[in-house]
Ligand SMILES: O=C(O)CCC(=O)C(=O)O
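Below sits a lone chain in structure tokens, taken as the form predicted alone.
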Amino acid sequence: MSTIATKHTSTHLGELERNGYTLIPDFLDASRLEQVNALFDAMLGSHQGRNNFEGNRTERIYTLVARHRVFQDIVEDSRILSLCDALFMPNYLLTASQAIVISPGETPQPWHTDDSFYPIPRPRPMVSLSTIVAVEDFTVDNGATEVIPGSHLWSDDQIEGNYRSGESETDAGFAQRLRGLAQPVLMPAGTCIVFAGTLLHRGGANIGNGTRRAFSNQYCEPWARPQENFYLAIPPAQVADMSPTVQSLLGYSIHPPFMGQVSAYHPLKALQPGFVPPAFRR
């Protein structure tokens, strides 16, 4: 890694430690942004959210990493992986990869943290690291992500323990306290916000006339169960054509001494043509 890259990584790590989030400007250049928007044009239209958390006027396209090579390239971007290298144990995993497009009329998402399903008492180190990349400008009107700076350091008592399923939205006092602390993350298209899995945040209300296009890749410790089951979501033959780094992020790796093994074999063997697990051999 170059000296400049190391300096930038150190700066982002400092902001993550202090505030719980950091911004990477120009994460996507104009050419890649155009490519991603074209892919969104082709994919959108049949992935409407199913509840208040997903968003009744929000489209979510899951397993984005498998839908085009460009999304694989972004998943293994060195600027993000350098942060994961510093924060997590080796062989960390991709836990989620999805497009999130908020349409006009959407209400605010319930406040939540992205690694709340790991039942480890707070305050604690993050188990996951999230990214959200703006594919369109994030504005006050179109549903810019809102964050509570410093909330990654809160205890279970401070966070009131009921954020996991959004019940806190019915607690007027709790919701009012968060409204007073919330900050919208206004950023031009191509910018990436990186934040701790312990940070309280939400998608904002879209009171404008246009969409808010984005996608989110999230990473977690190698011992943590990922949100998305990529083993079932992506055929092994497709994974076999991906880079070694992406294969590892999808779980085709070993967390020492043998977590992730396939009948005592390294999981990469499962990507070889004709592989049959020993239990099914005749």
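A residue's number is simply how far along the shown sequence it sits, counting from 1. It should be emphasised that the depicted structure is a prediction, and the values quoted were computed from it without experimental measurement.
The same protein has a further form, the form predicted together with the ligand, not shown here; the description that follows concerns it.
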Item to check | residue 231 within 4.5 Å of the ligand in the model of the complex, heavy atoms | outcome: no
Checklist entry - Is residue 109 close to the ligand in the model of the complex, meaning a heavy atom pair under 4.5 Å apart or at it? => result yes
Next on the checklist: in the model of the complex, does residue 60 come within 4.5 Å of the ligand, counting heavy atoms only?
Outcome noted: yes
Checklist entry - So, in the model of the complex, is residue 145 in contact with the ligand at a 4.5 angstroms heavy atom limit? => result yes
Next on the checklist: To test your reading of this chain, name the stretch in 152-160, 176-184, 84-92, 111-119 whose heavy atoms come within 4.5 Å of the ligand in the model of the complex.
Outcome noted: 111-119
Checklist entry - Would the ligand in the model of the complex be within 4.5 angstroms of a non-hydrogen atom of every residue among 40, 74 and 135? => result no
Item to check | Sequence-ordered list of residues in 88-108 near the ligand in the model of the complex, where near means a heavy atom within 4.5 Å | outcome: 100, 102
